[in-house]
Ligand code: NIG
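Take a look at this single chain, the form predicted on its own, given in structure tokens.
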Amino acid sequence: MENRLIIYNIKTIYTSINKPPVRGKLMSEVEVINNPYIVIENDKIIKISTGDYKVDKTPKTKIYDANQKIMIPGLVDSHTHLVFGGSREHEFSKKIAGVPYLDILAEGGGILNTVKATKKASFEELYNKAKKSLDEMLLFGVTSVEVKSGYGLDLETEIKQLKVAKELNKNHQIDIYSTYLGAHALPKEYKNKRNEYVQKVVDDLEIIKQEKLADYVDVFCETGVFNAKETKSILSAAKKLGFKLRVHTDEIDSIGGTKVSIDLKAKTIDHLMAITDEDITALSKSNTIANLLPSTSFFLNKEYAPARKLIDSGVALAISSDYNPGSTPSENFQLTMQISGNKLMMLPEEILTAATINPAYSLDISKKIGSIEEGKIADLLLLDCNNLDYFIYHYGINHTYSVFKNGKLVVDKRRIVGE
């Protein structure tokens, strides 16, 4: 007998069902199903219907009363820096005083500060710290997450970060997709030896691949970090080894990173606050996802990425938290979605698409998750709201009622269960 679960008394289901990448105006097209119930066998949705759920019961069927809550797909956070040591609250006053991030970095702060703490931390310390954050993310409805290294800047510590992520993926309810970000910053000892460090990152790719520690490679292509030529060198080598690509670029200045990313068919281009009109046009003709990180702009008091211009130009958008110790020290992905409404001027339906099916596409898992459809895995989020608009409108709180991961109840009434 298959394990069967029926979720009934759902007020409304909201889900994008357009084929990803969902771009432009199609991002606002969301299917709305009123008074439905869902039948799950093992981990998959086998039926979405309305009417009397009792016809689908078997003697061993479990039932879950949704209590007239609304349902959306489990959230997909496709840009995080989950595994790190220490914290950076001592830099907060400098940020408030208006000290530029690149100046803080030049003083040994920023990424380099976290690198030092991450090198010092044990595997167990990093694991426990990251698990605590994953638990918070789960409580906010995140069921899949991308996790970058990048706080080692040496092979030993980068591998330590990636092994922590791999172990968490085995043990935690949230699915983790790992990215190697050895080119996150230039270590102090390589200040006058840039070419040597770029070659070192390229050489280390083979070891990361052999040990199966990551599926993606990322580079921070930005003023003061890695230029477009260096980015192309690293990403081209990664692509030859079979890695998929994700790129930080256009956060502060536009220096050619977007063109390199599109040419190499990167899965995502992330940040994009400084993207040019020419690059927007090129991006709209590609299948690369524009992955916007509005919580970073919020925390750093920076300008926001031009979401409306991107959408109106036919680009496919995702939004992500960018959870990290320096520019987004918050696991609240729901707040990221709400900032997307208030500051990026995105519609609730566009936000839903950008937090579910499009980031799932960028992680090559959209055939399994990212929308509520028969045949897909039951990653589901019940929200204590009357409608989708209210979820985005009422900001700053946790609207989660319950979370289902792989067809199992993992959060019930804002409490983690099943550990």
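Remember, it's a predicted structure, so these values are computed and weren't measured experimentally. Just count from 1 along the sequence shown to find any residue number.
Quick note: we don't show the form predicted in complex with this ligand, though the next part is all about it.
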Only hit among 158, 322, 331, 250 for heavy atom within 4.5 Å of this ligand in the predicted complex is 322
None of 299, 127, 197, 101 but one has a heavy atom within 4.5 Å of this ligand in the predicted complex; the exception is 101
Partner contact check in the predicted complex: of 226-234, 77-85, 261-269, 338-346, the stretch with a heavy atom within 4.5 Å of this ligand is 77-85
Since only the chain is shown here, I'm wondering whether residue 216 would be in contact with this ligand in the predicted complex (any heavy atom pair within 4.5 Å). no
Discussion item. Would you classify residue 326 as touching this ligand in the predicted complex, given a 4.5 Å non-hydrogen atom cut-off?
Written reply: yes
Is residue 151 a contact residue for this ligand in the predicted complex, using a 4.5 Å heavy atom cut-off? yes
ask   = Does at least one non-hydrogen atom of residue 111 fall within 4.5 angstroms of this ligand in the predicted complex?
value = yes
Across 220-236, the residues having a non-hydrogen atom within 4.5 Å of this ligand in the predicted complex turn out to be 220
